[in-house]
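First, one chain by itself: the form predicted alone, in structure tokens.
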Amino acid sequence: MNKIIKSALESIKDIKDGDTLMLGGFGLCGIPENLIFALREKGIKNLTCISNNAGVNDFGIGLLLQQKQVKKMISSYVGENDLFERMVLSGELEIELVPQGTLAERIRAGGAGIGGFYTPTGVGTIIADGKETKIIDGREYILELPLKADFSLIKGYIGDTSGNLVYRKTARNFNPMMATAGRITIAEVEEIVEIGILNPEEVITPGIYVKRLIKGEHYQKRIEQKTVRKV
């Protein structure tokens, strides 16, 4: 089955106001840049975005924050985005901060059909407020529930026409688990090849999880915070 869609804008045509989205990436590494630009162009509002962070002020999910398109963020940290910080402190943006390992496992649980899991992370903090607790082997754990999304927007390195994906080094990050946890997964890649070209042993996300595939253009591959030393 050929899953290639001609443009990023066409691939997101059925994303609507109020939907929940997962967006891959860590900082600015491995983010679905072209799909985020398409979301901004379409002007969808009241989105709930599940992502490790929100990019920076003028790139990544920060572009959606600029346009007031995001209602709630479920993230691990604010990162380098002071716009994100200001919007949370002013009450313009809801936030659910989740420990990074817990966020990854909640997404994995959503994709694997797991109803929840117990973790010691967050015990005794506000993370545990209102959550079920259990003593296991003498240690207290809290119950964390899975995360799912209406759409998962992810970034791969190379994909074939059937949607099988490989990733490039650390750009892999949250993308594979998010691919499994969305009702519809849309992937953008830097290169598309015919079926049979990819080594099956290198495929991380099988095409069965990917509903739509686009070839991204004009990747900036920016550095979130550039630090240099004097020569």
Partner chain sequence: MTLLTREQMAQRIARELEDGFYVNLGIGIPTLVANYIPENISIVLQSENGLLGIGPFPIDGQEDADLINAGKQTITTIPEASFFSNADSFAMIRGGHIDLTVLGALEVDQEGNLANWMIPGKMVKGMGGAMDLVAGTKRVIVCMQHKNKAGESKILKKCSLPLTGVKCVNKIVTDMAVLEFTKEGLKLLEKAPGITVEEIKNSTEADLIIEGEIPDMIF
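These numbers were taken from a predicted model, which means no experiment stands behind them. Numbering follows the first chain given and starts at 1.
One more form of this protein exists, namely the form predicted in complex with the partner chain; it is left out here, but the text below deals with it.
Asks: Give a yes/no on whether residue 85 approaches the partner chain to within 4.5 Å in the model of the complex, heavy atoms considered.
Replies: Flag for residue 85 set to yes.
Asks: Does any heavy atom of residue 134 come within 4.5 Å of a heavy atom of the partner chain in the model of the complex?
Replies: Residue 134: no contact with the partner chain in the model of the complex.
Asks: Could you tell me if residue 168 has a non-hydrogen atom within 4.5 Å of the partner chain in the model of the complex?
Replies: Contact check for residue 168: yes, within 4.5 Å of the partner chain in the model of the complex.
Asks: My question is simply whether residue 98 lines the interface with the partner chain in the model of the complex - judged by any non-hydrogen atom within 4.5 Å.
Replies: Residue-level check for residue 98: yes, a contact with the partner chain.
Asks: Of these, 91, 124, 130, 115, which has a heavy atom no more than 4.5 Å from the partner chain in the model of the complex?
Replies: It is 124.
Asks: Name the stretch, out of 65-73, 27-35, 41-49, 192-200, where some heavy atom lies within 4.5 Å of the partner chain in the model of the complex.
Replies: Flagged stretch: 27-35.
Asks: Under the 4.5 Å heavy atom criterion, name the residues of 170-201 that approach the partner chain in the model of the complex, in sequence order.
Replies: 170, 171, 172, 173, 174, 176, 177, 190, in sequence order.
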